[in-house]
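Just one chain follows, in the form predicted on its own, and it is written as structure tokens.
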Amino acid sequence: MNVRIRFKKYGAMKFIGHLDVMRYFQKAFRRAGFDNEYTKGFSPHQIMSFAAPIGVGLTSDAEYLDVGLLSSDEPEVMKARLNTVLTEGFEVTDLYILKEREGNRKAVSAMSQVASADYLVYLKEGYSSDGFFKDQKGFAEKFADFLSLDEIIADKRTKTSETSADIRPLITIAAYDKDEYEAMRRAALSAETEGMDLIIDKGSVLSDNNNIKVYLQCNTGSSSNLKPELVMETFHKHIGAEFKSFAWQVHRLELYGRSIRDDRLIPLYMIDR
């Protein structure tokens, strides 16, 4: 059976890279007494798959991990056992057993289901905009002007190449306060989510700890992917400012897949329950 885990990554753990996070959870499952499924062969390892893991230095309310188990307990019991062995900086917020696939249909991993993601990007305490905008109102006006462009050409760099692309179609939501973000987010969701409980972290200290912030929803996944860091870098280039990546914190709020019914968004924690 496969179990999907939704967890937070925050604090000092934001400096831990993906491979170390994977090794950490392998040990955490053993400490929690999980009956993990292992690959066959000469060097067996736990069967697990992460969905679009966040980059180093970024924090998240919505990291996802699929793990294979040979047996299980009640989801709330497994969640509590896992949280007991996790260090500060990691917290499991949701755990559920995925539906069994009908017939011989192959199970679909969380990674392959990802289509979009929500982020909160905010200016850290103690940093300034160097006079390009004095407050949230000034920032929102400049950012709205930036998004009103017909095309937003950005330089997308990889380890081996650099290309220019129009990233405007990949930005599907931009909001400047939490209520506006929540309303726009709900409007983008599939009809499948009606009547289902949405995880909206109303108590998050990240929501209002700085006046200068923007909520972004961007395409994410293997077919179309946009990092919020690239959005902010291109925005600063547009207004003629130097982009200081260390001055801005990126915090992921949610990951989404697409509904088969209407091709609209559905949070990963609602899929295959």
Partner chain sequence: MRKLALSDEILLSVEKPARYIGGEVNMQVKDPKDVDIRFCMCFPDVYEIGMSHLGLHILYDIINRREDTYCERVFSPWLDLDRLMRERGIPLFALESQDSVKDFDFLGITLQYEMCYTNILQILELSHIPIYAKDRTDADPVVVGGGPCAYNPEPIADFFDFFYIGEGENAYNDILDLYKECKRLGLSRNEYLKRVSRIEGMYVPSLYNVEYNEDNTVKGFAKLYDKAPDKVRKQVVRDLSPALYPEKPLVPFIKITQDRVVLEIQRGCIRGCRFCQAGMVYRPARGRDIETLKRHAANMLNSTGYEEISLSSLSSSDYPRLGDLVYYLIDEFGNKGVNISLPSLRIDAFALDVMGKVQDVRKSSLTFAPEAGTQRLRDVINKGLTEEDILKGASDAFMCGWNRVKLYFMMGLPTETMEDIEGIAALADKIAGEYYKQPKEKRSGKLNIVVSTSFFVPKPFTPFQWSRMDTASEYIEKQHALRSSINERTSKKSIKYIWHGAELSVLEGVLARGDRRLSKVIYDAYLNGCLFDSWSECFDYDKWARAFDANDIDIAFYNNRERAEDEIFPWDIIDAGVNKAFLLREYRRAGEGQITPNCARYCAGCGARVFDSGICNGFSGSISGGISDELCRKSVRTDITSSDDFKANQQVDGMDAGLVTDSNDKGLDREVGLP
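No experiment lies behind these values; they were computed from the predicted model shown. Residue numbers count along the first chain shown, from 1.
What comes next is about the form predicted together with the partner chain, which is not displayed.
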property	result
Partner proximity in the predicted bound form: residue 90 to the partner chain, non-hydrogen atom cutoff 4.5 Å	yes
Any non-hydrogen atom of residue 237 within 4.5 angstroms of the partner chain in the predicted bound form	no
Touches the partner chain in the predicted bound form: residue 56 (any heavy atom, 4.5 Å)	yes
The partner chain contact at residue 260 in the predicted bound form, heavy atom, 4.5 Å	no
30, 38 and 249 each touching the partner chain in the predicted bound form (heavy atom, 4.5 Å)	yes
Answer range among 72 to 80, 124 to 132, 153 to 161, 182 to 190 for contact with the partner chain, defined in the predicted bound form as heavy atoms within 4.5 Å	124 to 132
Contacts with the partner chain in the predicted bound form, stretch 1 to 25 (heavy atom within 4.5 Å)	10, 11, 12, 13, 14, 15, 16, 20, 23, 24
